[in-house]
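Below you'll find only one chain, the form predicted on its own, shown as structure tokens.
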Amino acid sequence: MNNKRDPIEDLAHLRHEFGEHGGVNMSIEASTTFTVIDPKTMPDLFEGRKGPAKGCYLYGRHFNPTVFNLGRQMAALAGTEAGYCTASGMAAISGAILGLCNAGDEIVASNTIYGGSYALLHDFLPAKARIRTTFVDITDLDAVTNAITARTKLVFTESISNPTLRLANMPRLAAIAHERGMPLVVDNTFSPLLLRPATLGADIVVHSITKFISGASDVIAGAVCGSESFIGQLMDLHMGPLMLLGPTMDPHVAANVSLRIPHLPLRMAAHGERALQLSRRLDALGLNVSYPGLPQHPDHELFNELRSSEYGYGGVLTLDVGDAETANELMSHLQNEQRFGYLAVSLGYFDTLMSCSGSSTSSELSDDDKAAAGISPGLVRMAVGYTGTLEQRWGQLLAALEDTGIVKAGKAQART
């Protein structure tokens, strides 16, 4: 699906709210509390009759003008009516789920998701709120359908699974969820711009802004995007999980992130192009590489149907080297000998970040659950950066592969 309209243009008008003195960037509103001219406005704010949409603000934990504007930009990016920005991606996920579920409710979720999300659904919510989750292979649509019960309140998935890079068939999943009267919630952290879940049927889209949208691994932030009514529900003074639990984004962080969104398209395209080239070369060596841009990827054709083609196939690839010892040796060589990237979790940074998923970002899963999700002990996740030249980075990667014995010296030249 080649979306002809660039979503960045959908938010262009939002950036034309000039600064206090005519600056091209909005002023940062650092106030924690806000005055009202007419005392009668105060009860209207507390009772929900007035709010940011009418230019009225109450308290920074509720809404702040700078954070509110970033939320509007995130909504435009996602293709939803509204958005709210949080202090982290996990705050966004937690708030969205608690806004949809009560004690005794159930969730159907992908069995291959970020470890923190898994721990929230598998451990925390059952113990603290009696909200239980059934985990399924999200690519098995029959399994999804069969897992839904009368108590199920939502279907949760990542657009691209972490770390196995399987694509959720969002139009089909949305149809399944909607037929049973429930929303589809999609974590789109791996693929901003590349995939637009709301245009593919998702009702609620969450992001860890920390990753690609920020792009510099220097802020922790998140966002929930959905309908006006749902975002209003999250901010309700009596029952709103984001209002009452207080995962407030700092306005300075919001202003900082807002300045990075206009060049997000350039960064996503650069990540995708570099990841595609490296994955092709690794594949040519006969290595066990997974990347959606490779024709043999199980969801390659579906990707071509759903993605915005100008942004490539994403900035993450995986390389399975068999066991954790080999994976750690490879990553050590790449960081400490070759300066190819960093042995660190997270993604979306301008330099490459590498981790062995089974013992890091997916360590919350049991060994059996990791096996069911397809996460092998030697699976190396590479969030590919765009610094240096392609040939420089390929030379470093190849040298590390040869030094660790994963590739025999001279094999690459023999195949070219």
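Heads up: residue numbers just count along the shown sequence, starting at 1. Keep in mind the model is a prediction, meaning the values are calculated, not measured.
One more form of this protein exists, namely the form predicted together with a small molecule; it is left out here, but the text below deals with it.
Report the stretch among 312 to 320, 165 to 173, 286 to 294, 184 to 192 that approaches the small molecule in the model of the complex to within 4.5 Å, counting heavy atoms only.
Among the listed stretches, the partner-contacting one is 184 to 192.
Decide whether residue 114 counts as a contact residue for the small molecule in the model of the complex under a heavy atom distance cut-off of 4.5 Å.
Yes - in the model of the complex, heavy atoms of residue 114 and the small molecule come within 4.5 Å of each other.
State yes or no: in the model of the complex, is some non-hydrogen atom of residue 93 no more than 4.5 angstroms from a non-hydrogen atom of the small molecule?
Judged by the heavy-atom cut-off of 4.5 Å, residue 93 is in contact with the small molecule in the model of the complex.
Taking the small molecule as it sits in the model of the complex, is residue 242 in contact with it (heavy atom to heavy atom, 4.5 Å or less)?
Although the small molecule is absent here, residue 242 would stay clear of it in the model of the complex, with no heavy atoms inside 4.5 Å.
Would you check, heavy atoms only and a 4.5 Å threshold, whether residue 324 touches the small molecule in the model of the complex?
Although the small molecule is absent here, residue 324 would stay clear of it in the model of the complex, with no heavy atoms inside 4.5 Å.
Consider the chain as shown here, without its partner, and state which of 267, 211, 122, 307 has a heavy atom within 4.5 Å of the small molecule in the model of the complex.
It is 211 that has a heavy atom within 4.5 Å of the partner.
Out of 221, 74, 108, 204, which one falls within 4.5 Å of the small molecule in the model of the complex, going by heavy atoms?
The residue in contact is 221.
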